[in-house]
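In structure tokens, the next block holds one chain alone, the form predicted alone.
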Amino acid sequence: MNWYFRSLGARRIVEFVLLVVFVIFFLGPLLNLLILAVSGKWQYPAALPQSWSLEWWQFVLSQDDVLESISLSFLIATVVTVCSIIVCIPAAYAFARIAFPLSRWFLFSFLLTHAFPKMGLYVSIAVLFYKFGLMNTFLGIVLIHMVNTLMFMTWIPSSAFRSVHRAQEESARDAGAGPLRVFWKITLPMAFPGIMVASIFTFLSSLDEAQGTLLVGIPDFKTMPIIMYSIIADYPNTTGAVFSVILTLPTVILLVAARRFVSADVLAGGFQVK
């Protein structure tokens, strides 16, 4: 055994220990959440629950407001993603392909929505929404969610469009293809991974948004994160764990389904100003 550890070397042993610590740090809370969600009785100092039960799953899923919040959250996230694609993809293409004055500053300005405390920004926007009659409306919620998605849907697709070599587009033009055909057949398919990554982050960001929805949509619009606050405050920890798993599950499923699009290169390229 000692010979085996000496053959590995100190560096690999340290790397393995760091990997174990990293996995425990990130997966430990999630594993604890999953165990708590299916526990019937779990009291200190027991390492594992004394009994297992799904009664709180039945309780959570039997609540009408919970089911309504789940459907409303997915509806809002879908509408926000579609609207963000319609609005931001042309802007991303313009930033990547058209040279105009102060383009880098305009692109950098999309970061400002993430540079200030969200509640302060939302309050300022809510004042405008109140004047235009957008408070407690579906359109107001969609717009407040899109404030958070502009950066994802502009920066990452812009980098994706910029990575498409002009020589490929010019070759298609030389073969007789028009500008629109070149975009649909050459540019858009090659930029699709970046657009897919941005769309996934937009959908998940909208799904998890709570502060803006709470300020603009209450009392008629209650999404999953808002319902979760009341569940955590009024019910046992097990109920909060169950709802947390329900809220986290779409994120895990989407990231696993789109794992071939989500990569470090795409994300790193998406946050470069050139």
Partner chain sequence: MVQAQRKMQTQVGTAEQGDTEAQLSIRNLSKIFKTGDGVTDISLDVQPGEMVTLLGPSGCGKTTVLRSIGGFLEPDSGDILIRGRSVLNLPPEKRPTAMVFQSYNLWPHMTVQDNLAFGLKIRKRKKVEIERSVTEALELVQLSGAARKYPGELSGGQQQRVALARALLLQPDVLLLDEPFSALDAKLRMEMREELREIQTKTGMTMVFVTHDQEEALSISDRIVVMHAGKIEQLSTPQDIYDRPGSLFVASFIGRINLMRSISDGQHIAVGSKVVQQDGSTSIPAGACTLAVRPEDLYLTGEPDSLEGTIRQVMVLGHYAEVSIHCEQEHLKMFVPREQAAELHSGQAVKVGFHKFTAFSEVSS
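Everything quoted here is computed from the prediction, not taken from an experiment. Residue numbers count along the first chain shown, from 1.
Just so you know, the form predicted together with its partner chain exists too; it's not on screen, but the next bit is about it.
A.B. asks: Is A115 part of the interface with its partner chain in the predicted complex - any heavy atom within 4.5 Å?
C.D. replies: Answer no; every heavy atom of A115 is more than 4.5 Å from its partner chain in the predicted complex.
A.B. asks: Does A177 reach its partner chain in the predicted complex, with heavy atoms at most 4.5 Å apart?
C.D. replies: Within the cut-off, so yes.
A.B. asks: Hey, in the predicted complex, does V87 get a heavy atom within 4.5 angstroms of its partner chain?
C.D. replies: Because no heavy atom of V87 falls inside 4.5 Å of its partner chain in the predicted complex, the answer is no.
A.B. asks: In the predicted complex, does A94 come within 4.5 Å of its partner chain, counting heavy atoms only?
C.D. replies: Result no; A94 lies far from its partner chain in the predicted complex.
A.B. asks: Within 4.5 Å of its partner chain in the predicted complex, counting heavy atoms only, one of 103-111, 147-155, 72-80, 165-173 shows up; tell me which.
C.D. replies: Going through the listed ranges, the match is 165-173.
A.B. asks: Could you tell me which one of I186, L134, L121, I195 places a heavy atom within 4.5 Å of its partner chain in the predicted complex?
C.D. replies: Going through each option in turn, the one that passes is I186.
A.B. asks: Could you check which residue among L204, L139, M190, A126 gets a heavy atom within 4.5 Å of its partner chain in the predicted complex?
C.D. replies: Selected residue: M190.
A.B. asks: If you apply a 4.5 angstroms heavy atom cut-off, which residues in 136-163 are near its partner chain in the predicted complex?
C.D. replies: Contacts from 136-163: none.
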